[in-house]
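Quick setup: the structure tokens below cover two forms of a single protein chain, split into structure 1 and structure 2.
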Structure 1
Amino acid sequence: MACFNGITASADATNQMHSFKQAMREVSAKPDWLSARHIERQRWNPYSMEGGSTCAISGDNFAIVASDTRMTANDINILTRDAEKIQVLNDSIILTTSGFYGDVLQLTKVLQSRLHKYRFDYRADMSVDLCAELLSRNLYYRRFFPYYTGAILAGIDEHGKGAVFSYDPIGCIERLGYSASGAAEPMIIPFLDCQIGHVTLDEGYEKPALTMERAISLMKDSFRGAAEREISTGDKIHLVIAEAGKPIVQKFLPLRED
């Protein structure tokens, strides 16, 4: 009887080992992370892209910021035709952002609260250079779960010169003469490279000066050209003009609505 029990126990152990090896082979052939359940889980995304485009140009004593007012879902569903993507933070600082609109609103609120605290502590408005560094740090603080935005900060610096600061989502900052972000950036930047940067102009030719009137005209042309080719850019152009020693001016210009 004892011998029979030993044989049974040995057979059970052999069967268990066989089952274990079979399960290991099945897991190796079809790992759990390739199953439909896990693939469906990986498709969830905390961000969404609501389209739209922004642009900024700086000159000797001015800065011009523009954006469209369309907000879309999946590039074809128009959520609103009056989305605000430009915020005038004070008399010399303008913020424009594109991307995930929830992060656009949150980033704007964070920056406004920091500027309000600075104004309360120092009884003066923050300069555009200080605000540019402040925005860079706030973006970097969220580098592990970043704001899904393309931010551009523009305004008039302490010397009365126009300034444009461009950012990536984690706070890398660069001061440029012009910048763009959003869905139409690949179309706007080459146009401005040609018209303002003169990257395609031979050295022997005279480069036209960048006056405010010419900058406004270029801004209009860039958005009108983008609206003809990019589906999530349209409805209206929100144009904000900051000039040294003068109040900020805001305009709305028509853009194609289809």
Structure 2
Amino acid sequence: MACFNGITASADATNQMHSFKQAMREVSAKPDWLSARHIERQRWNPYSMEGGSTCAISGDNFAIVASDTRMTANDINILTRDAEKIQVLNDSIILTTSGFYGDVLQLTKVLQSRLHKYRFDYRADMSVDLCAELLSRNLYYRRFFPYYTGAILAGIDEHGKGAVFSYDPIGCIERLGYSASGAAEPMIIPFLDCQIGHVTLDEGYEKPALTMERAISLMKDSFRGAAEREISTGDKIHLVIAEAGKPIVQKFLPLRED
């Protein structure tokens, strides 16, 4: 550069830097050697979305998990009416996932093998708190090629209390009282916020306690509501009930099939 006097020079330098960055961005987004075949490959889509919703509610001594059993392609074409999206991993841990069914199966398999190894190493079943952290880390290990899943882990913790852990696709973990995931999440959560969280209730009103019977009927209501207004949710509710000190119970209840 010829001019090195004050403002002009610095403005020039800024412009140069700007155009350099711009050129760098362009060339890294579309290098010269990129053939049509390469560009096609960039649009590579390993994921699909099979729809459906899942939900979990925890209480003092129980956790209930539910999901619908519909599996759709492109939200329209129903592939099957009895896909199982809930996996009972051991006597106190239940995993439920929505999203890409291939990743759901893979994630289940990974967790099952890790739980099996834990049993082998420590001669005891893993607790739900440990499994929650394990799941979070396993989701994050795929940070740059994530599992296309919304996972919820529920169960009975070491103190006999119900536990629900909610995740995002890359393993942001949070323990909550209730959680939902999948296509109808934005419908189910406000309903549960109202009925269980009592966020819309003014102070001084009676707030009914969350018994297991109430939780189960709320769960049924939320899925019936979702099936009325959401296309990829329907067919059957797969309901899994875990109560402290009792074996896990599984039920299938009918839903709208349209």
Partner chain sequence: MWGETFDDFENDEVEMVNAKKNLMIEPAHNDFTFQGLPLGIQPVDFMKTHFGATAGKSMQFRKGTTTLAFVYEPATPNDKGGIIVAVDSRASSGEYISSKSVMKILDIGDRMVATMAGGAADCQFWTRTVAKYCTLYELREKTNITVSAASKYFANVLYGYKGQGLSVGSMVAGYDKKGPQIFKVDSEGDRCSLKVCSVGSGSLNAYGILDNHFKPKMTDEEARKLGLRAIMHATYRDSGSGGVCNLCHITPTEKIRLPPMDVSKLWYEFAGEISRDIAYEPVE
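As the structure is a computational prediction, the values presented were derived from the model and not from experiment. Between two forms, the rigid core is defined as the largest C-alpha subset superposing within 1.5 Å. Structure 1 provides the reference sequence; residues are numbered from 1 along it.
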property	result
Pair member that is the form predicted on its own	1
Rigid-core frame, C-alpha of Lys246, shift of 2 angstroms or more between structure 1 and structure 2	no
Did Glu26 shift 2 Å or more between structure 1 and structure 2, C-alpha, core superposed	yes
Backbone CA shift between structure 1 and structure 2, Gln16, after core fitting (angstrom)	27.6
